[in-house]
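Coming up is one lone chain in structure tokens, specifically the form predicted on its own.
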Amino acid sequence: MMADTGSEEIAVIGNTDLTPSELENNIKNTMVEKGATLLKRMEINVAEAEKRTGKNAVSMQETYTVYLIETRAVDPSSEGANPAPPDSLWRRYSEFELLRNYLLVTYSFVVVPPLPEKRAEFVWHKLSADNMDPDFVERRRVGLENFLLRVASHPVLSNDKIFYSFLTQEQGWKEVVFETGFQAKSDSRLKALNATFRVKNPDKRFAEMKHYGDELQSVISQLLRVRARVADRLYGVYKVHGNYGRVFSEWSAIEREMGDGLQSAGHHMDAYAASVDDILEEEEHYADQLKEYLFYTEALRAVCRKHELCQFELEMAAQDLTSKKQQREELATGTVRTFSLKGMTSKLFGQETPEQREAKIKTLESQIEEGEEMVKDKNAESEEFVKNAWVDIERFREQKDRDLKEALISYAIMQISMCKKGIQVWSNAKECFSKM
């Protein structure tokens, strides 16, 4: 709804960070027509991770991990021919963080894909929480590739030139990012928190979506904790089957007729006990899929917080305009409708001269004209922000429903397969016992 410029302005949310010239630059910052994504024109993968040692910003030795990004242009006309060798470059996790922070600020209406966790969370006790652990680094490599593919397939983010430079320009990329000045446009947490508590006309849809983000985060966190506890118990159950194997093997040594059957049954139990490591490694893949959406909830709430902040700033502009109009009316009529320091001053030191009053009215007229223009511009920006944000939220919801459904079904299939494996092991043991 457009805000009236009368005495009762209704503030509507909008993206007030970018000036018209900056918005035009953002449009120029895209490389192809609407609807096309980078993933249709380029193959992207994070091929490997490598541990390195070097000096940090304060000249102290540190060990860190770098990731090899490989890209190859997709050429439909060369289908069937030998593909060209990929271009490659190395990036640190901190550079992925810088890219995402840039995207968050520049495209505040987008639910920006999250990065994989920096340190392991919701782990069961046998899993290392060390961020240099090879298994953790490998899972993070997969997560970083997934992040790049998410961005490269996004209808807006994929066509950003800074993202393209991240994939193709190894040297000088950071300087290009900082030259955009995105850090100066970043909203402080205190500013966002102030808007949350002081906004008067919240959009019900965004308020409900923010609440949904809180609830989804809680549910997924609980699910991951349950899964970690189950993994602990499952590991113990599987490994204790190794004791069956040991006992059957020892028993077979003292039996003449039953020895072969007991020995074979023991081998089946040993194999069953050893299989849990591969099972839980596969489970970590499903846990990482859930963690992605755990971190997605914060991206969703970030869009809603931006909505609150923009609306609050627009409400303040509308309130200031109303105040200026009231001051003009009081000066024109000579009546003060509310208690004010100005009214007390007039009573103590006398009324202003007509010339002083005219000068103040003229100043207020100019300020009111500027205020009306500001509210008008912010209303136009707000409509654009709401439209773009809600389109992306709907896109995200469809993606979330599809991904989580597939992940849960796959997890259930894995559990069924695991149970069948247990049945098969005991069926084999039964056969061994039958042949004794």
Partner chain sequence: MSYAGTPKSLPSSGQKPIQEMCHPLSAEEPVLPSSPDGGSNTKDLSLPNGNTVDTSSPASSSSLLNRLQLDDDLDGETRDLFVTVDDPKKHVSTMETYITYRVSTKTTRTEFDLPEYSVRRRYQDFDWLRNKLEDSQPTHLIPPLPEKFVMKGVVDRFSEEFVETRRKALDKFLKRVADHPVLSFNDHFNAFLSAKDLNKRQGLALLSKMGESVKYVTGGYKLRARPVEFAAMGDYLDVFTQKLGTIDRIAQRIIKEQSVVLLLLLCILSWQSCVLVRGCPSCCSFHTTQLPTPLTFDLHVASLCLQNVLKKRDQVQAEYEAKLEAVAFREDKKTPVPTDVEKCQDRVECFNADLKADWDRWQNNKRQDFRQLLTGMADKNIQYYEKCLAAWESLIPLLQDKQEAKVETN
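Every value quoted in this text rests on a predicted model; they were computed, and no experiment measured them. Positions refer to the first chain, counted from 1.
Another form exists, predicted in complex with the partner chain; not displayed. Remarks below refer to it.
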| remark: Checked 91, 227, 141, 72 for heavy atoms within 4.5 Å of the partner chain in the predicted bound form; positive is 227
| remark: Assert contact residue (the partner chain, in the predicted bound form, non-hydrogen atom within 4.5 Å, options 182, 212, 173, 109) equals 212
| message | The chain here is shown without the partner chain. Which stretch in 174-182, 354-362, 237-245, 311-319 comes within 4.5 angstroms of it in the predicted bound form, by heavy atom distance? | response | 237-245
| request: Look up in the predicted bound form whether residue 409 has a non-hydrogen atom within 4.5 angstroms of the partner chain, and give yes or no. | output: yes
| said: Within 4.5 Å, heavy atoms only: does residue 258 come near the partner chain in the predicted bound form? | reply: yes
| Is residue 254 close enough to the partner chain in the predicted bound form to count, meaning some heavy atom within 4.5 Å? | yes
| said: in the predicted bound form, does residue 219 come within 4.5 Å of the partner chain, counting heavy atoms only? | reply: yes
| said: Is the partner chain in the predicted bound form close enough to 49, 64 and 284 that every residue in that trio has a heavy atom within 4.5 angstroms of it? | reply: no
| task | Residue by residue through 270-297, tell me which have a non-hydrogen atom within 4.5 angstroms of the partner chain in the predicted bound form. | result | 272, 286, 290
